[in-house]
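Shown here is one chain on its own, the form predicted alone, set out as structure tokens.
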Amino acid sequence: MHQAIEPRLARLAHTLDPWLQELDETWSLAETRARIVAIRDEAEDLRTFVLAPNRHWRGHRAGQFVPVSVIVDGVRVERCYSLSSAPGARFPTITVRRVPGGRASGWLHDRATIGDVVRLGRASGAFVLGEETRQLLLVSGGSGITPCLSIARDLARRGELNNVVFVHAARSGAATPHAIREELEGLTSAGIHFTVGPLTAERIDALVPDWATRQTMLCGPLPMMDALADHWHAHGLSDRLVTERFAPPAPLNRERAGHSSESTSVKVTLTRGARSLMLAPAPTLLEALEAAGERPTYGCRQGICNTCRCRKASGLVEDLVTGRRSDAANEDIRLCTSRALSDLELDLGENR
């Protein structure tokens, strides 16, 4: 399940939902399900899906993402996609780029039709507006336009887009979302810059001479983000830059986890359920918990979305992306990138 629900309700939903969905596929006692009511081609390999969710949908903040679950060849596949609509929209939207070989994005682009139903998780993510909105710079590349578009639409809805500059880079003219550009240009007289090719620090300097005075939100391909983040850092302005990555900064160090000398089983106490499990410490806590029969909530399984974040009350863990070890009490960890190096106490909270 994507959301924390009472065990009794979960059992009831498991029994009754198939019958309810014989009448309407979006009906469910517990799950957030949504019908695709419109599909728009925005650019080469970029498509928007307009969704009509059931009553369980709790909405989102501009810039957040949502886990989307679809059935591909009989197997349920889940991926996280940023919402492109403004909060409060009657019909939320996701704008999805086709990923070569991607099972979920491939299904959405090649097989999804109006009337199909997808399952949604709870919107989350920290790429959201702070208090500073008047002097704002939104920078995106490729599919990174999606959360920035949600933010721009939210500001337009609130009448606060007038002094916001939006810079977007597409890899080619065919990949440029022209309808989205026209929409943004119609919403504000401030700077809207759509370019083709790599977006460099020099290009930002030319397009937005006052960039250093603005709070900046950045999302796009990792090489572009790394180069621009270095530019902000070189000017001592890293605290004025908020980033969203669609890929982890480094791969999970599974080889190290699998061959560690610290490979004995560990005792993991789940404080909410007042029970303990003996788990293998490798490769990750998420996989170890699943192997033990637990079903924690997760999203990307790569350390990006934070859907599997939970509270570690005590114990030593290692993050397989950063290599950082921590035995601090009462800290949040990501189950999908963490492995246990000692006995642990975990509060899975809403991951139950």
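Residue positions are given as counts along the sequence shown, with the first one as 1. Note that this is a predicted model, so its numbers are computed, not measured.
Keep in mind that the form predicted in complex with a small molecule is missing from the display, and what follows is about it.
When the small molecule is considered in the predicted complex, Arg97 lines it closely, a heavy atom lying within 4.5 Å. Using a 4.5 angstroms threshold between heavy atoms, Arg214 stays clear of the small molecule in the predicted complex. Using a 4.5 angstroms threshold between heavy atoms, Pro223 stays clear of the small molecule in the predicted complex.
In the predicted complex, Arg103 approaches the small molecule with a heavy atom inside 4.5 Å. Only one of Ser85, Ser143, Thr243, Thr176 comes within 4.5 Å of the small molecule in the predicted complex through a heavy atom, and that residue is Ser143. Interface residue among Ala43, Ile304, Leu289, Cys310 relative to the small molecule in the predicted complex, by the heavy atom within 4.5 Å criterion: Ile304.
Of the candidate stretches 150 to 158, 73 to 81, 114 to 122, 191 to 199, only 73 to 81 has residues with heavy atoms within 4.5 Å of the small molecule in the predicted complex.
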